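Consider the single chain below, provided in C-alpha cells and representing the form predicted alone.
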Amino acid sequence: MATWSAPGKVFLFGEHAVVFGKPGIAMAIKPRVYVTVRKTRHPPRVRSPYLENCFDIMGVNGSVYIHSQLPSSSGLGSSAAVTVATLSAINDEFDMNYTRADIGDMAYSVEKKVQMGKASLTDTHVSSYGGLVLIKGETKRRLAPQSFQLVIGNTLVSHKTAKLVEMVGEFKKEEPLVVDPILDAIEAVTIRSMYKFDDMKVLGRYMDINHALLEALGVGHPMLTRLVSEARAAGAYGAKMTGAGGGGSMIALCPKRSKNKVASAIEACGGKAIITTIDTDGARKERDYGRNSNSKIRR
C-alpha cells in the first residue's frame, strides 16, 4: 500500500486573463487530498473518471482510498490534487519510477481528457510542486515562498469552470474593445503585485482591484460579493474571488491578528472558512494514512 497527498491551490492574481496568455500567480495551500493505492488481484471498479483515467494512463489496476480536505467544485483545485496524489501513489505502489515532472505532465493529460480540453495546466503544476508559481502560457516560474496569511471563503455555490471560461471568451469576441483593456489591467495588477509582496496593504489593494476587474468580466456572484465585502469589513487587507468565479471561493489577505475575525465573518454570512497559508511541499509520500483514517473506497 502506498499513500500520497497533494495540495490544493488558489489564484492570488490573474485568473481568466491567463487563458489569453496573460500572467497569473497561483499558490499551493495547506488543505490536501490523501490517496492510498493498493495492489489487489480483483480490484473494485473505479467510478470516478479522474481515478479511472489515472489507472488507464499508468496501465495498472488497484484499490483506491480517498480522504479530502478540499471541497469539490470550489475553485481550489480539488480534482487536480486527486489526480496528482493518485498518480503519485500508483507510481510508488507499482515501482514505476516516474519523476515529479512526469507525474505533473500525466496529471494534466488526465484532467484535459476528463474536462474535454478545458483543464488548467496551473492546477496540476502547483499541486505537483507546491509553492508560489508565476504562470504565463506554457511557462512556469517558481517565485520565492511568501508567508501570506489567507482566509478562504467557500460560497458553497458550485460552478462549472469550462462554462465560465467559455463565457469570457465569447464576451471577448463580441466586445474586444471593452474586454481587452480589462485583461490588460489584470495583467498590470499581476505584474505589479510581485514588487509588493512585502507590503500587505498595497497587495490587498491590488487584490481588491483584481476582484473588481473580474466582476467587470461578468464572472461575479452575489455570494462572492457578500463574502468579499464582509472579509474586508472584518479587517482583511484585501479580498477577491479565486478561480473561475460564478460561485466557488474567495480569498482574503489578512493580518495574523485578524484571521479568526475574518473567518467568523465569512461563516456568519453562510460561507465556509478555511484559514491557511502557503504549502511548499507539493505531492508527498505519507505514512499509511488510508489505513488509519476515515477514508472511503471509491468503487
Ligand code: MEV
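Throughout, we count residues from 1 along the sequence that is shown. Bear in mind that the values here come from a model prediction, so they are computed numbers and not experimental data.
Unshown form predicted together with the named molecule; subsequent notes refer to it.
Contact flag, G248 vs the named molecule in the model of the complex, heavy atom cut 4.5 Å: Contact with the named molecule, no.
Heavy atom of T124 within 4.5 Å of the named molecule in the model of the complex: Close contact is absent here: in the model of the complex, T124 is far from the named molecule, nothing within 4.5 Å, heavy atoms only.
Residue contact check: T161 to the named molecule in the model of the complex, 4.5 Å heavy atom: Flag for T161 set to yes.
4.5 Å heavy atom contact, V19 and the named molecule in the model of the complex: So V19 counts as contacting the named molecule.
Stretch in contact, per heavy atom within 4.5 angstroms of the named molecule in the model of the complex, of 236-244, 268-276, 249-257, 28-36: Answer to the contact question: 236-244.
Answer option from S88, T155, S120, S79, heavy atom within 4.5 Å of the named molecule in the model of the complex: Looking at S88, T155, S120, S79 one by one, just S120 meets the 4.5 Å heavy-atom criterion.
One residue of I209, I191, V165, I182 in contact with the named molecule, assessed in the model of the complex (non-hydrogen atom, 4.5 angstroms): Of the candidates I209, I191, V165, I182, V165 is the one lying within 4.5 Å of the named molecule in the model of the complex.
Within 1-15, the residues that have a heavy atom no more than 4.5 Å from the named molecule in the model of the complex: Going through 1-15 in order - heavy atoms within 4.5 Å of the named molecule in the model of the complex - the hits are K9, F11, E15.
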